[in-house]
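Shown next as structure tokens: one chain only, the form predicted on its own.
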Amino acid sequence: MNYDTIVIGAGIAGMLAAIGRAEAGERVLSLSKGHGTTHWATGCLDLFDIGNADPLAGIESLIVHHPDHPYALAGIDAVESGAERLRAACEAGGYPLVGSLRRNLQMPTAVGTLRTTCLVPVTMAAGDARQLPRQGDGRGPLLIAGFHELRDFFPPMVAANLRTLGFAAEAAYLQMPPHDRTLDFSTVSLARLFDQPAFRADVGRQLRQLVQHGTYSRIGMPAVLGLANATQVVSHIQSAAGALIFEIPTLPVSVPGIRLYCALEAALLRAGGRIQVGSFVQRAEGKGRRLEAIYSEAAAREQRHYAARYVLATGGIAGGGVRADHAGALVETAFGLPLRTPNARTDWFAVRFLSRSGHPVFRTGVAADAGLRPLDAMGHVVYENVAVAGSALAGCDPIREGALEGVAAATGWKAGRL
């Protein structure tokens, strides 16, 4: 089957690009070798880590001073509209994102530090550091609660580190309610248990007893409070406990990220798009300045895909869209596009590991014009019918800049509306 647009990549950038094209009435296919960064990120939207300043104003300044940055290529309108389209998809999926593009939030982490982000799922909203009880402010302390069976979340450590930051925090382990599992617990398996009314009712009763004993005002728990109906699960536990509940992101697999992906997937399917996970695109076939076809791995032979237009959203170094070959050269894995990268392998990393400016290798990506079309080393368009989005673009280190999801949403949505 021929498509109007094929999108390679199923992260936020790829999904928003596919949604935009499908909502415009195109026949759209989303191809990916697996799930995108949603499944290992926090499930929040990091816009721009600029401390206590206005992140949107910070992006406006960044655009002026760094015209090759992906935010500059997308434009401030796409930054705002991309974030809003992501919020709309989550709202429709029953998993709203809350916050403002004009103000960053400080949210607790699974090691008891604070991280900067912009929009958070409603299940995390009560964890904003500005609302948490401080030592000596007269409010009931914060309780960090978890389970011994979930090995990547340690309430005593989280509470102790929060206390060093001046918060009034205590910790408790809960008794695992009756269940039918016999194997080890993961974040996903525990989230599925929380979807069961009897399981979460038992947790609610335990929390109620702790609240009555310790007068806790808020309770932080690992982000496993339901997979399919997290908003309702948190509401039910909150009512039973008699205190505000908020989730704290854990190590991957990210349950909040899965929820976010499911909301985007549902939006794409509603728009008439098609999704094919497990398709590793490994090469492309072009004619002149047009990409004619792409090839993905299949059981017995390559599978050929045709479209009028393509969107590349496979990610950068962290997402697997860029890798080093046997000779030590960095290559773009899907289309073989030219990369903007350090001249030599010795230039990949800064002298200091904790360099303030980051490591040059993580800024590797595909250079693009204002239409997100890929460029070669001379600045000429490689393919007229290809748009590049997300971390596959050169010119930024989105994790270090605290802009991973923001860049993905802005460039993905622009690629979807071109």
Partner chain sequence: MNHIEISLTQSLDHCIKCNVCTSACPVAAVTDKFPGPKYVGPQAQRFRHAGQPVPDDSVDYCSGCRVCNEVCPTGVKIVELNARARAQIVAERGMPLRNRIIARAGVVGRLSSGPHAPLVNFGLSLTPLRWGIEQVMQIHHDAPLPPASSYTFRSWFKKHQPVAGVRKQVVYYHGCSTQYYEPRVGQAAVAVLERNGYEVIIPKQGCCGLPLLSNGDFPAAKGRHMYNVEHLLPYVRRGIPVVGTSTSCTLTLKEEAPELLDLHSQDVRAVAAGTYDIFEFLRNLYEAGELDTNFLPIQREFPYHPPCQLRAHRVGLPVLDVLGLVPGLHLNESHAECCGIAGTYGMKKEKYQIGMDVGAKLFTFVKAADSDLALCDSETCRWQISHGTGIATKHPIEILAQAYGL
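Since the model is a prediction, treat every value here as computed from it, not as a measurement. Positions refer to the first chain, counted from 1.
One more form of this protein exists, namely the form predicted together with the partner chain; it is left out here, but the text below deals with it.
- Taking the partner from elsewhere, every residue among K33, L269 and A298 has a non-hydrogen atom within 4.5 angstroms of the partner chain in the predicted bound form.
- In the predicted bound form, at least one heavy atom of G278 sits within 4.5 Å of a heavy atom of the partner chain.
- Proximity of A327 to the partner chain in the predicted bound form falls outside the 4.5 Å heavy atom cutoff.
- At a distance threshold of 4.5 angstroms between non-hydrogen atoms, R192 is in contact with the partner chain in the predicted bound form.
- When the partner chain is considered in the predicted bound form, H69 lies well away from it, no heavy atom lying within 4.5 Å.
- Put simply, of L244, A88, V253, A129 only one has a heavy atom within 4.5 Å of the partner chain in the predicted bound form, and it is V253.
- V188 is the sole member of M157, V188, A240, A293 with a non-hydrogen atom lying within 4.5 angstroms of the partner chain in the predicted bound form.
- None of 137 to 145, 245 to 253, 334 to 342, 119 to 127 except one has non-hydrogen atoms within 4.5 angstroms of the partner chain in the predicted bound form; the exception is 245 to 253.
- Interface residues of 1 to 32, taken as those with a heavy atom within 4.5 Å of the partner chain in the predicted bound form (partner not displayed): M1, Y3, in sequence order.
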